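Taking the form predicted on its own, here's one chain by itself in structure tokens.
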């Protein structure tokens, strides 16, 4: 399980409880940005949790911050809290001063990159593996290269070819290290959102009646929820393993890459397995804009595609395993000591 009892997580939980009620994600999508929520997170220094003390943060442990990320996804956070954590982590690793306001992140592909919360974040930290460099841009200086996003969290492709960075610096971060962090953050968010959607579904079918008895008493509904519960447990376990691996390898995140990829693949399959049943058990209510369920399922579909979906990562992991000795594979499965990169 992801630990949600540390100081960072408990602070985030209180802020989200007080300032992100069920109406807030709805209002955010209607154009009312929850500035008070972001201000509270910033005033408590939470977006700087992974930033070193030398750069103005407090260098919190990975596992403690993952608890706060879990809480934010559980609340269907309409502000880029997790994205700012990642963006600030990248900037800090390159020794770049952390800007004020909300940030996001991107991995450059040519002159373009997929950027979550591009319409909300003030800055974007761009990792360029080809140059072994990280650059800080004002998001407004990049131009949009594609259409409407699936959810506020969805990636929008931005073109940086005519944008001038605010700052840039070389980094010793490998692409795998960056991928390990991003995939693990998304794994924690997805596992949390699956559990939240499951709990919403259980509450709904327990309260609603059909033919004189609760929907939860019908075998078909029980079967759908059993699938959801089992996939939720698998997703949580995969996210926990990935988060634990990153905490163990805090000084060298690349060593947590395999666990992050496994979590990405497992939870991607879980998202496919649960989102339709969750909507189905709600009946027509589950497909309405006014109901809360879509704030989780649309985010799940968007997060599932971060850095490519589970099919892409299955192929990458499978190709690597195919040229690895059986003894080393078994060691990786049983001890977590995965293939040497």
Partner chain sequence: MQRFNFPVVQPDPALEELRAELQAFLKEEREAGNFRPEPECWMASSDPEFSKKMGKRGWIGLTWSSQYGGHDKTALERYIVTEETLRAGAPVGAHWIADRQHAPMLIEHGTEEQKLDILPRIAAGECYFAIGLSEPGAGSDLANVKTKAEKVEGGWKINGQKIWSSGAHISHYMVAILRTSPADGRNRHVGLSQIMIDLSLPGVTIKPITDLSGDAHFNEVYFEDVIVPDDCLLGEEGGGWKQVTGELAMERSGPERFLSSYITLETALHQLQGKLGSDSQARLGKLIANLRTLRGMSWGIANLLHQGVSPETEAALVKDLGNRLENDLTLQVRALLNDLPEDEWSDEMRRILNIGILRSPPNTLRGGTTEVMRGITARQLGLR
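These figures come from a predicted structure and were not determined experimentally. Residue numbers count along the first chain shown, from 1.
What comes next is about the form predicted in complex with the partner chain, which does not appear here.
Participant: Using a 4.5 Å cut on heavy atoms, which of 107, 234, 96, 102 is close to the partner chain in the model of the complex?
Facilitator: Going through each option in turn, the one that passes is 234.
Participant: Just one of 168, 139, 156, 241 has a heavy atom within 4.5 angstroms of the partner chain in the model of the complex, so which one?
Facilitator: After the contact test, the surviving option is 241.
Participant: Hey, of 110-118, 81-89, 172-180, 266-274, which bit sits against the partner chain in the model of the complex at 4.5 Å between non-hydrogen atoms?
Facilitator: In short, 266-274.
Participant: Is residue 280 part of the interface with the partner chain in the model of the complex - any heavy atom within 4.5 Å?
Facilitator: Output for residue 280 is no: heavy atoms all beyond 4.5 Å of the partner chain.
Participant: Taking heavy atoms and a 4.5 Å cut-off, does residue 25 contact the partner chain in the model of the complex?
Facilitator: Taking the distances in the model of the complex, the answer for residue 25 is no, it never comes within 4.5 Å of the partner chain.
Participant: So in the model of the complex, does any heavy atom of residue 52 sit within 4.5 Å of the partner chain?
Facilitator: It does not: once the partner chain is placed as it appears in the model of the complex, residue 52 has no heavy atom within 4.5 Å of it.
Participant: Since only the chain is shown here, I'm wondering whether residue 133 would be in contact with the partner chain in the model of the complex (any heavy atom pair within 4.5 Å).
Facilitator: Because no heavy atom of residue 133 falls inside 4.5 Å of the partner chain in the model of the complex, the answer is no.
Participant: Hey, which residues along 201-215 are within 4.5 angstroms of the partner chain in the model of the complex, non-hydrogen atoms only?
Facilitator: If the 4.5 Å heavy-atom criterion is applied to the partner chain in the model of the complex, 201-215 yields 202, 205, 206.
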